[in-house]
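Just one chain follows, in the form predicted on its own, and it is written as structure tokens.
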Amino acid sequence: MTPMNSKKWIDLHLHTLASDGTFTAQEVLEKAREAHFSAVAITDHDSVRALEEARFHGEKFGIEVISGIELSAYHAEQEVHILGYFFDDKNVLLLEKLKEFQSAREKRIHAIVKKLQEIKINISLDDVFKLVGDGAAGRLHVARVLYEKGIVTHPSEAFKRFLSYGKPAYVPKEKISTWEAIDMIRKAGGIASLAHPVFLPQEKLIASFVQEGLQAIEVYHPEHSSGVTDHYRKMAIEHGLLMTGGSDCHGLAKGKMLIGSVRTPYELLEPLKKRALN
């Protein structure tokens, strides 16, 4: 963990049980307090259900809680994740779209489990939806079931063997374009940021996303080395983008707890707030 000093830090990429994390919102805020964060954003996939609980505990712990979300979008056939911040999480049109997305997620899980069963992988829908609970269903829930049953040695192996594009249990997600994801966030009064750009196979796509209304880029991330972080910092300046960052923590869903592994400077929060108000 990064040594502490007098600086203030933020984590703007955190998941809870409302999507595919393993911690409640309270537990996330407790971990954030232990790691001495001043502000956090809960960025569940296609869900804002945890925000009210997070705000309650954030106020109790003296941690600022920012509305957040992570949307899966596509540019051509390339999956791209767009983070949203400072939007109105009671926006009716946004909530209607999220309800549609969550229904599509459940149908996708049904199709994935059926494909696994067809290749004699012994898991059931009940196994997966026990993990999902009231959250937004995703492939990571399936990966965790495969891990818990000893079919794979790590959730990441489940993606490599079964769940990724071209693998036997891959089912495409209902697609929205990057423009639609960015537009959804902006129409709800928020800031749209590109998540973990290191995963983009074609960096030139970032310029296209800027043309579509992208306002920020995730500079700090566990998969970004210091050199990669510097690279995206320069790219943000080049494209006039604000900078965001976070641990992308899913609780223990990916094998280890990441809160505190990445420290994003608090001073990056003020420009985001100002842009959201304009």
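Each residue number is its position in the shown sequence, starting from 1. Keep in mind the model is a prediction, meaning the values are calculated, not measured.
Absent from the display: the form predicted together with ligand AMP. The rest refers to it.
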Q.
Counting heavy atoms only and using a 4.5 Å cut-off, do Arg105, Arg139 and Phe159 all touch ligand AMP in the model of the complex?
A. yes
Q. Might Lys254 be said to contact ligand AMP in the model of the complex, defining contact as any heavy atom within 4.5 Å?
A. yes
Q) Is there a non-hydrogen atom of His81 within 4.5 angstroms of a non-hydrogen atom of ligand AMP in the model of the complex? A) yes
Q. Should Asp20 be counted as a contact of ligand AMP in the model of the complex, where contact means heavy atoms within 4.5 Å?
A. yes
Q. For His221, is any heavy atom within 4.5 Å of ligand AMP in the model of the complex, or not?
A. no
Q: Would you mind picking out the stretch of 124-132, 144-152, 73-81, 181-189 that comes within 4.5 angstroms of ligand AMP in the model of the complex, counting non-hydrogen atoms?
A: 73-81
Q) Which of the residues spanning 41-62 lie within 4.5 Å of ligand AMP in the model of the complex, based on heavy atoms? A) His45
